[in-house]
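This document starts with one chain, in the form predicted on its own, laid out as structure tokens.
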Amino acid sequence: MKTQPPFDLQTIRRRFPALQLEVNGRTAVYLDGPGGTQVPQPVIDAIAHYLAQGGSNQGGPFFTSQYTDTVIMAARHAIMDFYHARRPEEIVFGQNMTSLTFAFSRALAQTWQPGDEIIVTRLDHDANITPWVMAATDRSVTVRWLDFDPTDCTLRLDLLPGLLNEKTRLVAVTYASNAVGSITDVPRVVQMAHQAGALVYVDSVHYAPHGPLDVQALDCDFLAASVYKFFGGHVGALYGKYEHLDRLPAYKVRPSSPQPPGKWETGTQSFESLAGVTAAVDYIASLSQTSGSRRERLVWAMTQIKEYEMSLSYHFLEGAAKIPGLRVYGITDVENLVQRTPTFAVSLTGHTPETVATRLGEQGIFVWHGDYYAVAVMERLGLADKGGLVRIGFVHYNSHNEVDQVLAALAALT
């Protein structure tokens, strides 16, 4: 297992201005990545350049509008490569994954009939639960729940066949839990759902910064993520199979274009953020030590990132096991790290999650506490009314030394 990334970590860290921040005389330790990663200088420059250039709204017959059109198309191609979509028209932009999911839940619900069924999971972020539950309620559609195993927080896919039937219209599933890090076997979900005639909507917000995405290999119908979770600005990016985007009715004001993706994009987009999208994808591709297409470089970089982050997980779990009263939820078997992201939900005996996060924050170590909108996860674990858990998340710009720092800070609280 790699203990060092396939790139110069210090050089990488210097590309992220925020990582130079000091709190109370100490260099800040950003372990809040699951809530949003920091951005490298090229992304900052791309966003600033768009604003300085004087971009106008899209579709106009003049230079600044044509410049915006170019920025939008470049972002579409970048996410096409990042997701491995077939064509740029399969990429839809929006405010974030939550907003996109609400829009698509309303659109898909128009095709449902009373008595139909959908499936959501208790492992998901609420953004991939409540929009579907609300849409189902509006259409008198039955909601079925797929549980997870509370002992290791892995999805009970063995129960999925018993929930699927000829009435199932949709399965909404997370690629990886934003709370406990468990990775879902999405190809298996898709295969079972498609055999039953159901569509699959994948929330990939948490998985996106931690491993390569390939919507063609997954064969999912829809996949959504938020770019600020993988080193970009605040914008959501959704993939949909073109036949679905073309066939389904868009739930929005009268579209400027009857064809996808324009028919799905509401209001005026954040064009400066879209400039940052391309820069974020290009940043990831720049980590590759191979030549080839951007897609090939992205796959190499994300594969190496996943391997390096597994070493961070290994290091954290080894140290966590030595701290009295520290409990790690989710997969803790170091032989099974491929099935989790480097995101850990923990509790510490004698301390509330808020107290732990506050004490660490005073030392410049940034972690989250609460439920992080993984409401169903905390309810299933019996922690919803107990303040949730502390969430510690690593990404590729974190170091083993930072793992040691958070472990030492946790140990000092015991």
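In case it trips you up, residue 1 is the first one in the sequence shown, and so on. This structure is a prediction, so every number in the text was calculated from the model and none was measured.
The form predicted together with a small molecule is left out here; the points below concern that form.
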Self-check item: Any non-hydrogen atom of N178 within 4.5 angstroms of the small molecule in the model of the complex
Solution: yes
Practice problem: Determine whether any heavy atom of A127 comes within 4.5 Å of a heavy atom of the small molecule in the model of the complex, and answer yes or no. | Solution: yes
Quiz item: in the model of the complex, does I118 have a heavy atom within 4.5 Å of the small molecule?
Solution: no
Quiz item: So, in the model of the complex, is Y228 in contact with the small molecule at a 4.5 angstroms heavy atom limit?
Solution: yes
Practice problem: Please name which of the stretches 301-309, 130-138, 287-295, 205-213 has residues with heavy atoms lying within 4.5 Å of the small molecule in the model of the complex. | Solution: 205-213
Quiz prompt | Among the candidates T168, Q339, T332, N96, the residue which, in the model of the complex, approaches the small molecule to within 4.5 Å (heavy atoms) | solution = N96
